[in-house]
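For reference, the chain that follows is the form predicted alone, supplied as structure tokens.
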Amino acid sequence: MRKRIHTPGLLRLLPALLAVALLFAATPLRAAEEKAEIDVKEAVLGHMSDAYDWHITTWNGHHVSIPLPVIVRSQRDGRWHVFSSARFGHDGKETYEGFYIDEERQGKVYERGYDARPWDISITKDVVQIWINIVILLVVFLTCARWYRKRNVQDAAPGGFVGMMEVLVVAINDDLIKASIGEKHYRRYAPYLLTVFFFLLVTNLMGLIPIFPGGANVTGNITITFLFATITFLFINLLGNREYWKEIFWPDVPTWMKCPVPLMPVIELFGIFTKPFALMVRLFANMLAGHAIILSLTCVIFITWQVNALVGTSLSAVSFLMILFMDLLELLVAFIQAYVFTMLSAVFIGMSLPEHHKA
């Protein structure tokens, strides 16, 4: 029979929390093996940037990674080349079929003899993370749908996980989407906005897991946030009504502010592009900053140990507590950023559907 050991709740969590902190330090540890001093910039940016393989850990000096498919179009012969990223070697410095990874240019694949990048549709770390997140969402919602198919309207409300998901969906749909867009039009946009919320929430949470199948900084990649902002931009401007465009090109302001000098129309037209830009930068900057702070605090542990054991021990304890605090804060930020992006998207869509105002 296994003996039960009674310890305070916090002490039970310490081994797991310490493991999380050390796993976040996988990149600095690898840098420490290769160099006498830790390159903080390389450690932080290397973890947050996209990659052609998924680094798991370093064991006895050997890098344990999952190689991913590299798919590039040669500028030399115009043919597509498909091969494993393992062909570049563990350090990524080898050349294969004329292609190599240029660390000085954001770690992207280039072709020897050509300065311009080849067409690159490789399946990178961020792409695989997105697929994993989509699978998680499908499993969650198909499980919920299966529960509802087996129940009638007269049955009791669901409990447990299905009940939690129902509460969350209803809260986002009724209190956010419906309230921001209006009861008349919200049904058209609800599927998109609900998908955005749950995808961003799952992606943000998966980014906090320091080991596979999490850890990729997807929402800290500006191309991803640019895509979502662009989709919202299209919804706003392609489905906006006549009153929306009238308020842009001929707003209800004194005539001298719109003719002969179109001061207000220019400002309103400029606002069309500032809205999606704000969406893109807000999500990108907040998620990127959180990861950067946690990784920087982790690097402090290994930097101070290079001074001496006394300094390393004292500052490591402080850094560990700060890392724990930031991890807990990032859990809250993961939800807040998904909520804020969805809320602002709904507000901007609602602003594109104003009712006609009679004089």
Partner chain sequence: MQNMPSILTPDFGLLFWMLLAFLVVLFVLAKFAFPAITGAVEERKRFIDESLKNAREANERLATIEAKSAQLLKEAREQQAQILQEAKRTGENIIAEARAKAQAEGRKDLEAAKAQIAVEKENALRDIRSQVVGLSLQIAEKVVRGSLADDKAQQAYIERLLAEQTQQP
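As the structure is a computational prediction, the values presented were derived from the model and not from experiment. Residue numbers count along the first chain shown, from 1.
If you look for the form predicted in complex with the partner chain, you will not find it shown, but the lines that follow are about it.
**Q** Pick from 197 to 205, 93 to 101, 249 to 257, 271 to 279: which stretch has non-hydrogen atoms within 4.5 Å of the partner chain in the predicted complex?
**A** That would be 197 to 205.
**Q** Going by heavy atom distances of 4.5 angstroms or less, which of F212, F226, F88, F233 would be at the interface with the partner chain in the predicted complex?
**A** Only one option qualifies, and that one is F226.
**Q** Heavy atom within 4.5 Å of the partner chain in the predicted complex: which of V261, L238, V170, V82 fits that? Just give me the one.
**A** Contact residue from the list: V170.
**Q** Applying a 4.5 Å heavy atom distance criterion, does F161 contact the partner chain in the predicted complex?
**A** Residue-level check for F161: no, no contact with the partner chain.
**Q** Using a 4.5 Å heavy atom cut-off, state whether D50 contacts the partner chain in the predicted complex.
**A** Within the cut-off, so yes.
**Q** Can you work out whether V266 and the partner chain are in contact in the predicted complex, taking contact to mean some heavy atom pair no more than 4.5 Å apart?
**A** Heavy-atom contact with the partner chain at 4.5 Å: absent for V266.
**Q** Can you check whether S122 is within 4.5 Å of the partner chain in the predicted complex, heavy atom basis?
**A** S122: contacts the partner chain in the predicted complex.
**Q** Though the partner is not shown here, which residues of 153 to 167 have a heavy atom within 4.5 Å of the partner chain in the predicted complex?
**A** The stretch 153 to 167, when checked against the partner chain in the predicted complex, contributes V153, Q154, A157, P158, E166 at the 4.5 Å heavy-atom cut-off.
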